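Below you will find one chain, with nothing else, as structure tokens; this is the form predicted on its own, and questions on how it binds or moves follow later.
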Amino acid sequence: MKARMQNSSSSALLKQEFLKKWINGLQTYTNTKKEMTILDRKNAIKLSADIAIASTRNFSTNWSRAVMADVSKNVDGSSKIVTEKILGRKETCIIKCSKNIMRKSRLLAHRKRAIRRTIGRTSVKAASAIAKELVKKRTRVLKRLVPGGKQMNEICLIKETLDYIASLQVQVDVMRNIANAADQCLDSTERSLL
């Protein structure tokens, strides 16, 4: 019972931290760009949400470092300001480290693929070989879905996937609550006009 209460309180703290960082990022982005198109707004929401959810994990997971490396590849003027505002200037060096990690991981993955190609495949597969192939295919799909997953082994991939899913659930819950609050506000405004 205590574990469940601690888990829900840590989830609430995580949601609160994400919301605070996300709103901070959105405010910073809108302050840097006065005239925003719908595409600019979409990008601002996504960028702020990605940085906020990755920073709530304190870069302790591979997926959070991969998200930051992805963000750092596409940093323009306003995006850089948002990143620095959410993370603080000290933590922006983590982005540079993440880039190096991702580059080395890609080289390693490329070498592994080259080795696999040279080995070839057998013509006759037993039932266990078919099952292994199915697991490999599903693992490849999972590696594409989890940020930074391509460079992880299976055990690490499962742990990172679970953490990533929990973080995405936090992000969805916060966004859903904001959407519900906005709907309720609009409903009450419409009722008062009638």
Partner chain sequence: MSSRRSRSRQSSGASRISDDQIADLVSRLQQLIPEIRNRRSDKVSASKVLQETCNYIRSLHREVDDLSDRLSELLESTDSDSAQAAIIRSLLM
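Residue numbers count along the first chain shown, from 1. Keep in mind that what you see is a predicted model, and the values were worked out from it rather than measured.
Beyond the structure shown, there is the form predicted together with the partner chain, which is absent from this document and is the topic of what follows.
Undergrad: Residue 169 versus the partner chain, in the model of the complex: is there a non-hydrogen atom within 4.5 Å?
TA: Yes, residue 169 lies within 4.5 Å of the partner chain in the model of the complex.
Undergrad: Classify residue 12 as contacting or not contacting the partner chain in the model of the complex by the rule of any non-hydrogen atom within 4.5 angstroms, answering yes or no.
TA: Because no heavy atom of residue 12 falls inside 4.5 Å of the partner chain in the model of the complex, the answer is no.
Undergrad: At the 4.5 Å heavy atom threshold, is residue 127 in contact with the partner chain in the model of the complex?
TA: No, residue 127 stays farther than 4.5 Å from the partner chain in the model of the complex.
Undergrad: Residue-level contact is defined here as any heavy atom of the residue lying within 4.5 Å of the partner chain in the model of the complex; does residue 161 satisfy this criterion?
TA: Taking the distances in the model of the complex, the answer for residue 161 is yes, it comes within 4.5 Å of the partner chain.
Undergrad: Which of 66, 152, 146, 52 has a heavy atom within 4.5 Å of the partner chain in the model of the complex?
TA: That would be 146.
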